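Coming up is one lone chain in structure tokens, specifically the form predicted alone.
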Amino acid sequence: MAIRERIEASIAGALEVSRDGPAPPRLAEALRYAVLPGGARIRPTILLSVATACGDDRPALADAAAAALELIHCASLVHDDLPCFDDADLRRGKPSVHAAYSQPLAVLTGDSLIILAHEVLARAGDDLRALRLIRALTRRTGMPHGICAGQGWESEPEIDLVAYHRSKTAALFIAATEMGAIAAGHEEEAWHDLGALIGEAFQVADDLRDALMDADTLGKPVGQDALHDRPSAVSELGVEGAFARLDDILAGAIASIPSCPGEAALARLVHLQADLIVPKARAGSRA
């Protein structure tokens, strides 16, 4: 089964867990709305690609890890879009969850997805490997190094830009590479830098898209960094400087891939993701 098919099947299975027994119908519907149809599924794709490169000796566990990671990502989008944060009414080309279902249900949807992610992993196994997966996901979700910390930096009078980007965007990419290695029985430390660099690249690319592209093309509001006076690679380095930084980071990410049977395939994956994000932003800069 192809990686994308594995991801979608594991997410569908996870959502069925959320419907096990009587449940509030609108909240159950909002959970599915937040997750389906998905975006690029980049984080779980990286996770399963790393697991495959490391041998993928327990594919069911790797699939559960991929679903859990994507559920956390979707939860973060639901919360990010709320009026108290980005106040975005559009996500993936359709109304955001709070616009479609109300703010209270959006809060509950995000919370429910976070809990569901951990339940999916808990159901997948009760051995040390499964426990390490739960620990890795939790570490990159909360404080002080997870996506909650990334959102928290936006409320500080002074922002550590490196820490802000590392926790806001890179955290789940670090989780992807670390969890992929763990799922296949490997130690995660060697895979930290690859995730951190991919995450940094996506943050710079996201800053560029926010500054240069339009909402119809991107499928969500643009100009949010300037509107909310948030730090970004574009405000710090300028457009050309941000593009140069992006190229440097991607080269470093490829160089950081640990030696493994699937090393060449992973390098091709990073190149592929670069081809997906860089031309779109560059096209915007020429518009």
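Residue numbers here begin at 1 and follow the sequence given. A quick note: this is a predicted structure, and the numbers were derived from the prediction, not measured.
Although it is not shown, the form predicted together with another copy of the chain is what the next lines describe.
At a distance threshold of 4.5 angstroms between non-hydrogen atoms, W153 is in contact with another copy of the chain in the predicted bound form. Of the heavy atoms in G185, none are within 4.5 Å of another copy of the chain in the predicted bound form.
Within this chain, L237 is remote from the site of another copy of the chain in the predicted bound form, having no heavy atom within 4.5 Å. Residue contact with another copy of the chain in the predicted bound form: A12 places no heavy atom within 4.5 Å of it.
Annotated contacts: C84, D111 and I134 all touch another copy of the chain in the predicted bound form [non-hydrogen atom within 4.5 angstroms].
The single contact residue among A149, L212, A170, L77, judged by any heavy atom lying within 4.5 Å of another copy of the chain in the predicted bound form, is A149. Residues of just one listed stretch (63-71, 253-261, 24-32, 239-247) have heavy atoms within 4.5 Å of another copy of the chain in the predicted bound form: 24-32. Shown here without another copy of the chain, the chain has I134, R135, T138, R139, T141, G142, M143, P144, H145, C148, A149, Q151, G152, W153, S155, E156, P157, D160, A163 in 132-165 lying with a heavy atom within 4.5 Å of that partner in the predicted bound form.
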